[in-house]
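Take a look at this one chain, the form predicted alone, written out in structure tokens.
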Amino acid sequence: MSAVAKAQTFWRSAMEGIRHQPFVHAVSTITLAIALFTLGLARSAAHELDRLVGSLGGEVRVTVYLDPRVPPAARTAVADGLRRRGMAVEEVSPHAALERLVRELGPAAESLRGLSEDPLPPSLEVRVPESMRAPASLRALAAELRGIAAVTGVDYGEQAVERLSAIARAVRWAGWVAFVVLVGATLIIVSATLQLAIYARREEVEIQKLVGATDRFVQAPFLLEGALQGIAGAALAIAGLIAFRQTVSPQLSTLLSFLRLPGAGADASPWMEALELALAGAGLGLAGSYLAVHRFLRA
């Protein structure tokens, strides 16, 4: 039998199986759709988390306090050295720092007005590149700066950075655990559901085996059914995600608008997301149908 003839045979067999067992296949398709819809929501949540972490990471600034007794050339040398390493550096004079503090304190800053000397030291506000925003990199940079004679102190919000990184790691690990559990549960449910359809066609399978059909020949129509169910489930999941984002997502965005910070990345391509869900659905459908038919053939 040629490859084209085999493909036509497998396709007809798969369509006949779906037509004769619509309820069983509908249950499998809906199960896959729910799983893929949940995976799509989890993917969107992970993307939003990355955007939030990236936004907050962009706000991390290293404040370098300089010794006012050293010559201005020494302070400028520190700033120039940081700029040569790709960092954006803003030099803040004692007077400018005092004016900023007065604005931030408002009426409570009356006691600071009219001072004969600026009580704040000169400083540098450093915005580090993205590759150096990890807690370990920031600690290393702070230790390096503290070793410079013209530097009296370094502050980069160490506790906030450490906590943010810990929360991001915990959420990502929880997402991976939930992903594994969800995929495992989906495979079990789909496999058990498809096995009912296989048992309903056991006489057909037995006849194929009696006339010399190989296991692969018997498995092919069921694998095709599983792949089609996965693609159909992905289509339902994509439709559900579109409806969710058009109805619920704007309201959530309004409620969480205080978390939107500058520097957020662009949204992922919807076509790429749809393709990924379709491939994931086909893969889950194939895996579930393979487990079901393999178990039946070995029984």
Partner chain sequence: MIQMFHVTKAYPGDPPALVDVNLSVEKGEFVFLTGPSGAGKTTLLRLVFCAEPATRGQILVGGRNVARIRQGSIPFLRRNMGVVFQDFKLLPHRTVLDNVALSLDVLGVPRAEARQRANRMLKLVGLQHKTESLPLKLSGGEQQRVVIARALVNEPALLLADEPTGNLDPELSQEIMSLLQDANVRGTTVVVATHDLPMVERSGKRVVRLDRGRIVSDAGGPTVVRRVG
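Please read these numbers as outputs of a predicted model, since none were measured by experiment. Numbering follows the first chain given and starts at 1.
One more form of this protein, predicted in complex with the partner chain, exists but is not displayed; see below.
Taking T76, T214, S93, S137 one by one, only a single residue has any non-hydrogen atom within 4.5 Å of the partner chain in the model of the complex, and it is T214. Listed residues Q208, S165, Q195, T152 were compared with the partner chain in the model of the complex; Q208 is the one with a heavy atom within 4.5 Å. Contact annotation for H294: none of its heavy atoms lies within 4.5 Å of the partner chain in the model of the complex. Although the partner is absent here, E204 is a contact residue: one of its heavy atoms lies within 4.5 angstroms of the partner chain in the model of the complex. Of the residues in 9 to 44, those that come within 4.5 Å of the partner chain in the model of the complex through at least one heavy atom are, in sequence order, T9, R12, S13, E16, H20.
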